[in-house]
Each structure stands twice: as C-alpha cells, then as structure tokens.
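Taking the form predicted alone, here's one chain by itself in structure tokens.
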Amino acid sequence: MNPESEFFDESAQCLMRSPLFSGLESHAIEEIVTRCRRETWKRRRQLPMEETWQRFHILQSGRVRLSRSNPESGRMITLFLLGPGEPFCIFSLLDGKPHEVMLETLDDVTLLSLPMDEARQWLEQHPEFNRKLLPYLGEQMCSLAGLAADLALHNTETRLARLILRYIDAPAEQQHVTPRLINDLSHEFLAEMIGSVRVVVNRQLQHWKQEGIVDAHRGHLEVEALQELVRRAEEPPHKASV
C-alpha cells in the first residue's frame, strides 16, 4: 500500500491495536502496511483454505469464521471466530501448507493481505514480531484445547455458557453486558460453535430467558445476570444433551 493512500493511516492504526502486532515500533508497522494490499470481501463469502493460504490476512473490519464440516452428515463446528485486528492463515504462516478449514465472512469485511513468503520475512527481520507471535499462537492452541475439552467433558448448558463468557469483556461486578462478536448470531450458528444443534441451543436460551439470565430473541443476545452465567459455566455436567 502506498503511504500516500487515504487508507494507510487507518491500516497502521488497525495493526497497532491488533493482538499480534500491538507493541511493535511504528516504523515496523508502517513497513508491514506498505507491503500489504487492501481488500474488501462481501458478506457470506465462503472460501476453502486452499484458496487463501498463500496469502496472510489481517482483518480491519467485520468478522470471519474458520470452521470444519462433515460432508456426510452436514454437521459443522466453528474453530475460530475472528474480529478486527486479528490475523488468519496463521498456521500456514508457520508450516507453508494449506489446512482443511473453511473460511466464511459473516459481514462485509475489509482486510490487509500480502504474499505468505513476504509475511515469513517478518519472522527473520523483526525479532519483536516473534515475541508477539509465540504468545498469540499459545492462545490459539489453548482455545482449540478448550473446545476439545468442552466437547468431551461438558453438557450443552456449560458449553454455551462458556462460549458466551469468552466474548465478554466486562468488570466482574457488572451484570448486564453484551457478548462482543456473537450477540447478533443465529441460534444455529451458536450451536455450530459448541458442537450442538439449533433446537437444543434455542431451548437452553429460552430456559435462561425465563430465569432472567439472558435476554435472547432473533438477532439479539444480552446477558442480564453475568454472575449466574459464570456459575453455570463452572457447574459440572449433570445431564446428557448434545
């Protein structure tokens, strides 16, 4: 991107707020942006990873999900839900290979991208980038490990509570909060994020609504009793559900 571009400063600010790039010197941020091109993708665009893995991407606006599906059963599970400032194709950055993951845009998105070979040069040229990369990868792997543990060890109520809490940034004493990134997602989508089905998630949300824990209706999700939701997330499994 040309430094004279009207989008240059906006793109640099996005990287400065990114969990992967924040803390880098401004000259390093500017160098990265000059190597990138700005792209816009329409909502509900679906791309297999083999079409995207040769470029490294950083979201500027909108949301993207990475998922896996079973072509025989049609069941799907969401591995990552990404928002502004977050990168994707991060594992291909390390091993240079495509991965069996489907990418879908949930909104109209803008993003920065550049060839993967150039992105790998950051690993050699900017030691400070390496210091940010390792903790970020650790968080990603912990997220996947948590998903696997939830699927194996906990029932739907606990999994759903943990999912909602994962997207809440609020003081512990606050009770009424909005879960970022997921408050407008369908019940079917929430089910795909916890390895369940729409009817089970819908039933659980309606039960919580009757208890005053959440306010859930089409295209909207608000937490009304945060501490009670935390308790449900910590509760051991007590009934079977899928």
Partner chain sequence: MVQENSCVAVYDNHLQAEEAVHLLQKNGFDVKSLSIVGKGYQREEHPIGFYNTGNRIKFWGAQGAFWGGLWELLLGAAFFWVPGLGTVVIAGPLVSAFVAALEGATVVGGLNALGVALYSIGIPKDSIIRYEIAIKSDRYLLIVHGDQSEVERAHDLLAAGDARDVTIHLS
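What you see is a predicted model; the values in this text were computed from it and never measured. Positions refer to the first chain, counted from 1.
The next section is about a form of this same protein that is not shown, the form predicted in complex with the partner chain.
Contact of residue 128 with the partner chain in the model of the complex (heavy atom, 4.5 Å): Contact check for residue 128: no, nothing within 4.5 Å of the partner chain in the model of the complex.
With the partner left out here, check for me: in the model of the complex, does some heavy atom of residue 189 sit within 4.5 Å of the partner chain? Because no heavy atom of residue 189 falls inside 4.5 Å of the partner chain in the model of the complex, the answer is no.
Is residue 10 one of the residues lying within 4.5 Å of the partner chain in the model of the complex, judged by heavy atom distances? Judged by the heavy-atom cut-off of 4.5 Å, residue 10 is in contact with the partner chain in the model of the complex.
With the partner left out of view, is residue 39 within 4.5 angstroms of the partner chain in the model of the complex by any non-hydrogen atom? Within the cut-off, so yes.
Stretch in contact, per heavy atom within 4.5 angstroms of the partner chain in the model of the complex, of 108 to 116, 148 to 156, 133 to 141, 89 to 97: Partner-contacting stretch among the options: 108 to 116.
So which of 203, 68, 45, 27 reaches within 4.5 angstroms of the partner chain in the model of the complex, heavy atom to heavy atom? Result of the distance check: 45.
Out of 1 to 38, which residues reach within 4.5 Å of the partner chain in the model of the complex, heavy atoms considered? The stretch 1 to 38, when checked against the partner chain in the model of the complex, contributes 1, 2, 4, 5, 6, 7, 10, 37, 38 at the 4.5 Å heavy-atom cut-off.
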